[in-house]
Every structure is written in structure tokens, then in C-alpha cells.
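Single chain ahead, by itself, as C-alpha cells, in the form predicted on its own.
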């Protein structure tokens, strides 16, 4: 039997076929890795606008009188700092301070929605249910919720043609809006590092919204984009991807996500993380730029003067920076920008330099690099 037949399909699957998307297996989902070309799509998002299907992501509602206290204890960021209509990047931690998943938390007023990575949704649900307290209700809404992302400098122009109030939506805020009588949550964050909107319609209404955005994007350079472009774009701005830069054994200080940790509140593994903060992690996540042509891939070893000091977590060619770039974990003595390193690619050492991200100019409305660090996908 063709294994593709066993993959889960989003409600936009036929749209991907219609636009000649090249379908791959991504965490058990049949999703387009590219349509025309990954590099062309990544360039289009930086210069104009792209539309993505992210319906494979998990949406989990946390309800009840103790919902806030429940989430506050399991996450290091301070959810009490956001109010109804705002969203926040956060981490779900295990008792050792490792990252179970990175989440976007939406504050609906009397409840919250946590958007989880597709590959982690079941793990997140299991952890939430294991720790559930009285006065908390956990509801998996993934099967009835789609997710469309419109990203790029022209995103506001495209989305506001369909939903007028989107143009005035502040960064890291969201509203409930309707189009042709169909309701959706629309948020403004931009997981590609540029201005962008995330639209959460019902599963059955996704095609209606997709077609509306495609129509609105005519003349504004909107193109459908696949997983490949999304990966290039998030690496260009230094956003971690679960399974690459973060996992159950990495902590926020290693992962250069210290800004997510708010020590003024109590949370799981706080005592362990405060020790790591005081002593400093043995390795840290950094960015790097290749000084010689070569594609740095996950787990390629990194050296400094013959000493092995780390490994690559993600790497790509950036069509927007016109350079080979990546992210890595290196020993803490080698994290300063400008540090010369060598990466082993196919039994040969290639020169590279540690560099600060983002690797490209962002320059988008109200964008704060420390307000949102990419969510997988």
C-alpha cells in the first residue's frame, strides 16, 4: 500500500494539489514542502507575501476557574502579564527544566488556547492531563480547527481586504472576526520573523478563507508557500524549531530563551533553572554564517582548532542574506559573535563564524524579536 494514503490530510489538501505543491510526510501529515521553489517562496515572503497551511498544529483549550494558575505553574513565562485579546510565546517544561514543547498562548478572557507543535500535540495533551487540577478543563480542539498563516510586508494589505479590522491589530494581539458569516480568530505575530497573521477558522471553513486570501493577494505578490520556505525563514531570524534547537533535554538558558523565564513567579523546575542561570549553561545556542560554501546540516560536528565544541542544529542557504547560515550548540567559551569555528561537512572542515541573528533585515511593524520566537511547526 502507498504509505502516502495513510498520511493525515488537512482540509486544504486539495488546494495544495491544485497549486502543484510537492507533498511530503511531515509528522504524519501530507503537507507541501514547496510549490514553485523553496528559495523563491522564501524570497517572496520577505519581499511581498506568502500563504501557508499550518492546520497540522495542535490547538488545546484550557478552561475553568483555575486555568490561569494551572498554566502558570507549568510554564516559565508570566501569563498574567497578558490580557484578553493578547498572545504570548511560552514553554511547557518538565520537572528537569527541559522543554516539552514551545507554545503560543492565546488569552480569551475566561479561557486560554495553547497552540502546540504538530509532532508534540499528543505529548502535550498527556502532560497537561497528568497535571490537571480541580477547576481545570482541557479540551483538544485540533480536529475542528484549521490554521492559515499569511506572512510578509504585504500581509496586512491582503488580510485587511478580507477582514478590515486586521490592519489595526497590534502585534501579539488577536480578534474574532467573520467573513461571509464564518468566524475565525485572527492574530498578528509572524513566525517567519516578518509581519504576519495567523487565521484560525473551523476545519470545514478553511477553503473559504484560503480562497479569499488568494483572491485578495492578486496584484500584491501573494504566493502559496511550503514547509521548506518556512524553515529557511525561521532560520534567517534565529527562531528555534522543536526537535532541532529545543527538546526534552534542553533548557531555556541553553536555548538562548532566557527572556522567556520570569523568576518573579513560581513554576515547575524553577529551582533547577535558577542554578543553571547562576552557573551558566555548559553550551548555548548560537547562530553562524559559513565562510566557505557548504550546507551545514543537523548534527554535523563543530570544531575550534581541532577541538570538538558543538554540533549544528539547523542550516540552510538563505536567498535573502545570500549566504549559508545556521544555528548550533557550542561550548560557552565559543559563543561570542565573530568567533571562528569549523564545521565538518562530508569529512571536510569548512570555515564559519559565530554571528548574531537575525541574519536578515526584518523592519516590520512593531516587531520585537523577543516577543515571539518561532513556533514549529
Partner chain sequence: MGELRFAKSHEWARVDNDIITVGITDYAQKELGDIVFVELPKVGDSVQRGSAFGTIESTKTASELYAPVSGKVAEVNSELTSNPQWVNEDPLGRGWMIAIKANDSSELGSLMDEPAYEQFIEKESH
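Numbering follows the first chain given and starts at 1. Keep in mind that what you see is a predicted model, and the values were worked out from it rather than measured.
Note that the form predicted together with the partner chain isn't included here; everything after this is about it.
Of the residues given (334, 317, 26, 329), 317 alone sits with a heavy atom within 4.5 Å of the partner chain in the predicted complex. Screening 125, 276, 269, 295 for any heavy atom within 4.5 Å of the partner chain in the predicted complex leaves a single hit, 295.
Although the partner is absent here, residue 324 sits close enough that one of its heavy atoms falls within 4.5 Å of the partner chain in the predicted complex.
When the partner chain is considered in the predicted complex, residue 68 lies well away from it, no heavy atom lying within 4.5 Å. At a distance threshold of 4.5 angstroms between non-hydrogen atoms, residue 348 is in contact with the partner chain in the predicted complex.
At a distance threshold of 4.5 angstroms between non-hydrogen atoms, residue 61 is out of contact with the partner chain in the predicted complex. Residue heavy atoms within 4.5 Å of the partner chain in the predicted complex occur in exactly one stretch of 304 to 312, 335 to 343, 45 to 53, 32 to 40, and that stretch is 32 to 40.
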